[in-house]
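This document starts with one chain, in the form predicted alone, laid out as structure tokens.
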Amino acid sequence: MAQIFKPAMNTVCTVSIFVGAVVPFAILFTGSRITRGPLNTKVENPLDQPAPFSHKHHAYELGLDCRFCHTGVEDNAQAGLPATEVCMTCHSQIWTNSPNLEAIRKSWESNTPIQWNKVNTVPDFVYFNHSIHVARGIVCNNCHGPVNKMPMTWKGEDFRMMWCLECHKDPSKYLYKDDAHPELTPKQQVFNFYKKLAAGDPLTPEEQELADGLPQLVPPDKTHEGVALMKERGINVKQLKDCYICHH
């Protein structure tokens, strides 16, 4: 009886089995990379704004306090965006004819709020409170990236739940403490960090990481300090891992 299949079919079958096993994983991996990549998450992609506001210029070079524009960051869930009146505090006197500020002037003249494009958002089913994080000593750069270096604001992190839980499981790694100003409250130390950047003061390695947009991680030899700060600042890790903390 003649042979129905050629010997080459053994190779074809082996390859097809291998491809059938690998392709689903390749598709899942590729899909995961796309959904978590900048194209989808918009991380490090600056958004167009009505006026090209530069954090690098205002917060770093001029040394403006974050709270001058983000008036709700200390006491509210939302940090808030600057109203036209806030911008015109300065720009009614300086750069009054700059074409970059045309949208601000029109907003002022027409008494119409300026519509900023939000860079950072969380889903409706997620509750995030800025004030509680700042009060415990979490520096803005931990979540928002190197805002002090942004000529146009971009998204620093993708805010995945796994990313949030990394801190909630062990916040001792991310609590900021300014050893040079122990008399300040944790909240005051957070904003003083940006004053140090603007003034060009010497930075510790941990502070330099924050300035570069890297998450502050307490070195292993200082772990006990982070644990002590948690107790001092009333942080209950067990409570932080409860679902209701973020999902009301």
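A residue's number is simply how far along the shown sequence it sits, counting from 1. As the structure is a prediction and not an experimental result, all values here were calculated from the model.
Below, we refer to the form predicted in complex with a small molecule, which is not included among the displayed structures.
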Requested in this report: Would you mind picking the one in Arg36, Lys222, His57, His181 that has a heavy atom within 4.5 Å of the small molecule in the predicted bound form?
Outcome: His57
Query - Proximity of Trp108 to the small molecule in the predicted bound form, heavy atoms at 4.5 Å - result: no
Query - Touches the small molecule in the predicted bound form: Thr11 (any heavy atom, 4.5 Å) - result: no
Query raised in the report: Is Gly80 close to the small molecule in the predicted bound form, meaning a heavy atom pair under 4.5 Å apart or at it?
Result: yes
Query raised in the report: Taking the shortest heavy atom distance, is Lys42 within 4.5 Å of the small molecule in the predicted bound form?
Result: no
